[in-house]
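One protein chain, two forms: both are listed below as structure tokens, the first as structure 1 and the second as structure 2.
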Structure 1
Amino acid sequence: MVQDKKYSLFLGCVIPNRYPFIEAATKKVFQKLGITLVDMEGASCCPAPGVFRGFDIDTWLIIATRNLTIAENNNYDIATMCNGCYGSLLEADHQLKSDVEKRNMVNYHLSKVNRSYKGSIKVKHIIEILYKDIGLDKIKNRVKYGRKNKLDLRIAVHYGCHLLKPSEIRPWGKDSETPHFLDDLVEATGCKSINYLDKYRCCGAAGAVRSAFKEISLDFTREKLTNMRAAGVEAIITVCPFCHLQFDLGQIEINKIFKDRIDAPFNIPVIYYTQLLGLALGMNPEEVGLIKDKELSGVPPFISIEPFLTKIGEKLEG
């Protein structure tokens, strides 16, 4: 197993504000795998590529690069937990490494706050770190459950757009079109990744569509959920908090807005990948943020995790 490896952890906005248990689960899982995630003090919004970049590319680039310089000062590559943050920081880093004029412009503005971009680090999604830096075999060797005692749940994997595209600057190569790496990581936990119609389709939230055109956004999600349910899945696995929000809170919204267009209300548990991996590594549900105080309302997770926890209990007891 990788030992004493360190990465600069970029939190982004949605995880600290909506899903702090994703941060907790990720830190605990990486620690168990021998990896230290170092805080990026003073980091800001990435900023969101579908919003800031749509209005002013230079402002987006300067803010994104300021975040990159924090990781450079840490002297560790960036680990992101969000597809949007990953896309924003990766694409900013790529642009500055390939465009001297843009790099000079950005460094001119950063000099006003005593910062300078050097291009000395890489931007990685935690899924890339798990799949490429640690590797499937090492993860499988740490999973606690054998053939007769494993999670063995039917999982719908959702990749999300920014994790895969634009493919020419992503690390997946030809696998960006019909990837299987997240399916492999899910199956390393002892679960089954189930194929379903339009598996690689957008969740519906991206590019500020959720904010500007809520019903159109949710109609995308409704169709994906319909296909997932038709495939008989027991949970949805995400690797992006905004996709997570769209499937989690989105199910509640869809059950109201499209109640006349769906056969029955949706209630598919939504789990972030490191929560699932944490369970497979022997952590209890509370450690990975899967236990919610029953008195709390109006806070995530919005869709009950209880069916997922019940099935886990049944699998492991059996």
Structure 2
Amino acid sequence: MVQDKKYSLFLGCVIPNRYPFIEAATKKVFQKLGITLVDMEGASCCPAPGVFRGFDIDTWLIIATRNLTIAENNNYDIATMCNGCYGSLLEADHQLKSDVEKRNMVNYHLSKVNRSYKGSIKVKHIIEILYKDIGLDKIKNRVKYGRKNKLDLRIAVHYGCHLLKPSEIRPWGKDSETPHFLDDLVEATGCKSINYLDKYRCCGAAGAVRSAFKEISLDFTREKLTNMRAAGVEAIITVCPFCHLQFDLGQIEINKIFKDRIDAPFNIPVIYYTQLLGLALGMNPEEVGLIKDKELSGVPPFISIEPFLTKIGEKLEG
């Protein structure tokens, strides 16, 4: 196992401010794998690549680079848990490393707050760290549940667009249309990744579509959910909090808005990958945030995770 490796953990907005169990679970699971995630004190919104970049590209680049400089000062590569943050930070870093003029422009602005970009760190999604740095074999070796009591649930994997594309600036090789690294990671836990129609399609949340045209954005999701249900899945696995929100809160919204256009209300539990991995490593559901705060109303998870937990419980006892 990788020992004492450290990363700068970039939180973004949706995870710390709406879906904090993703933050809690990821930190604990990485700790268990021998990796420390160091907070990036004072980081801001990445800013969202499909949202703020659409309003002013230079502003997007400047603020994204400010975030990069926090990690540079920490001296650890960045780990993100969000596809949007990944897109922003990776592409900003890529642009500044390849375009001197842009770098000068950004550094001019950053000089006003006594910062400068050096280009000394890399930006990684936690899935890249798990798949490439730690590796499938090592993860499989750590998984506690063997042949007898497997977590063999039927899972719908959702990659999310910005994890994969533009493929030129991603570490997965040319194949952005049918990759399988996330399926492999899910199967490493003992679960089955179930094929469903248009598996690699967009969830519909990004590009500032959700904020301006919620119904259109949810129609993307409705289509995906219909295909997932047709394939008979027991849970959805995400690796991005915005996709996560779109599937979790989205099901509640779709059940209302598209009442007449769906066969029956949707209620597929939505689980973030590190939560599933944590269970497979022998952690209990509470440790990986698979628990609902019943005191608070209007907080996630919106779709009950009880059916998922019941099934997991049966598997692990049996």
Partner chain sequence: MLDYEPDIITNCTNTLVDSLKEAGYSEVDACIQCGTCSGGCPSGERTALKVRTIMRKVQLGIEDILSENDIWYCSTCYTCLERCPRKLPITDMIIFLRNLAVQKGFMLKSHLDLCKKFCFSGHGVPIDDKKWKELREFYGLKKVPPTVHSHEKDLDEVKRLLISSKFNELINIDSEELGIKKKVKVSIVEETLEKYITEEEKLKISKI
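Rigid core here is just the name for the largest C-alpha set that superposes within 1.5 Å across the two forms. The shown structure was predicted, so the numbers you read here are calculated from the model rather than taken from an experiment. FYI, numbering is relative to structure 1, first residue = 1.
- Form assignment for the chain places structure 2 as the one matching the criterion, namely the form predicted together with the partner chain.
- Superposition of the core reveals a Cα shift of less than 2 Å for residue 260 between structures 1 and 2.
- Relative to the superposed core, residue 293 undergoes a Cα shift of 2 Å or more between structures 1 and 2.
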